[in-house]
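Given next, in structure tokens, is a single chain: the form predicted on its own.
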């Protein structure tokens, strides 16, 4: 097939454009760098590698910004494809891999810096949050390269790393991920950067990161609430209630706000609204407007096939009169859940807002251990409407609308940000906390 006959279809253009814009919104990419790659078949079934052109604006991709170099030959110069096209071609050769992505994951890049004499072998990055620990399979390998962009050393090492782990890191340059789909590769990069962000925040709060990592390594099950759902690549476009346009619109709006406000990484968390005999459920809560996710209708009674996530929603509805539930993995809350006040010896059991808005809304926010019983969680939700689970995310409930319940993780994020910022300045948080909070 001649090179001129390879044209980007509308489906491929839409995929690249939407994931590209989402990567900019999530700030794991700058305007022109990084690359996205998929295995692609034309109408005749011929297979090539589709890759973004070098220097193309990921948020404003045009059809001619997608190139189709050979998977088996080095011809990226002709196509103006990325200088890392050879690396991606080898990644696509890994069994089961149909897509790869490289992003300038800023937080992960910063937290994997070192000033050791080069050349050296940097230490792997170890996540301390449940999303990172489980989805990244416990670690992200970090490698230093003398030429950290498109070098032959990278072409050899990166595919070898990705054959064993879903994400790998090039020190000072960013991360590479492989996936069954481009959305899965993007998901993994969002998870990886989120894990780097949590470590950075926890470090600002004086958390003993190495001690926490040792605890996780010795007994991960005791440090996390429950393993998050495996990433599913099917049913993203499914909607079980398409005839209810108003409700569908509310779900799409809520999912977009979760993603855009950084309340949970891409396609993580969940939210639901209660019906008479069923619940409407978004299992991938963090959904960019153009990408979306499945919107499902589930029975209120428990089923054997229910995930741990879905079971918690159902148990809350069974034991309480709440109408809406939201679960987000707010990174600021996860980092703050490990905070130990100076002079004390165990993590805080509640968070007290020091800002005016937060103090008006919540006198205190409970922080509970990872394996807290659902009955205890429900009781606390009755009393406080929002609870932070150490190693398990933020749960919130509402009595009316999705907008009402969305307010909880959004407020928690700001409350934690203000506290982290004050502590970073050397201020005494206990002196700043309202006196009335001590009675709760």
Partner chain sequence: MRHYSFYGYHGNILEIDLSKGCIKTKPLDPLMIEDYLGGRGLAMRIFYDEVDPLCEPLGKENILVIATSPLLGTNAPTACRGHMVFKSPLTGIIGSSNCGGTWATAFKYSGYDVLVIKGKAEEPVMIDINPEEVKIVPAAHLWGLDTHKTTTELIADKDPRKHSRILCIGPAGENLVRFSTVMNDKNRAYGRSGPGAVFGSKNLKAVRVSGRIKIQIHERERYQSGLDQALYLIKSAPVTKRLLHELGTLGLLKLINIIEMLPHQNFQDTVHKEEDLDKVSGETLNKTLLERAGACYGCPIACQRHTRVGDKKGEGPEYETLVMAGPNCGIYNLKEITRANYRCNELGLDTISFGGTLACAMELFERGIISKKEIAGDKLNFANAEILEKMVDSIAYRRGFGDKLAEGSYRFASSFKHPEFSMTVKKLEIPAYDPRASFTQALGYMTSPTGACHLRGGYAVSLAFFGGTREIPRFSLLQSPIAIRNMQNLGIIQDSLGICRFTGYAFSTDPWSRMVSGTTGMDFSTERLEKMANRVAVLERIFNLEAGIKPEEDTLPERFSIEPILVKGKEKLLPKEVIAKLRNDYFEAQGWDEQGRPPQSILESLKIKGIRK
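Positions refer to the first chain, counted from 1. For clarity, every value in this text was computed on a predicted model and none was experimentally measured.
The same protein also exists as the form predicted in complex with the partner chain; that form is not shown, yet it is the one meant from here on.
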Exercise. Non-hydrogen atoms within 4.5 angstroms of the partner chain in the predicted bound form: do 14, 43 and 226 all have one?
Worked result: no
Exercise. For residue 379, is any heavy atom within 4.5 Å of the partner chain in the predicted bound form, or not?
Worked result: yes
For this session: Using the partner position in the predicted bound form, report whether residue 407 sits within 4.5 Å of the partner chain, counting heavy atoms only.
Result: yes
Problem set entry | is_contact(residue 280, the partner chain) in the predicted bound form, heavy atom dist at most 4.5 Å | yes
For this session: Although the partner chain is absent from this view, report whether residue 362 comes within 4.5 Å of it in the predicted bound form, heavy atoms only.
Result: yes
Exercise. Can you pick the stretch from 109-117, 243-251, 366-374, 139-147 whose heavy atoms fall within 4.5 Å of the partner chain in the predicted bound form?
Worked result: 243-251
Problem set entry | Contact residue in the predicted bound form, chosen from 98, 171, 155, 323 - any heavy atom within 4.5 Å of the partner chain | 323
For this session: Select from the listed residues 306, 260, 297, 203 the one whose heavy atoms reach within 4.5 Å of the partner chain in the predicted bound form.
Result: 297
Seminar exercise, completed: In sequence order, the residues of 262-278 that place a heavy atom within 4.5 Å of the partner chain in the predicted bound form are 273, 274, 275, 276, 277, 278
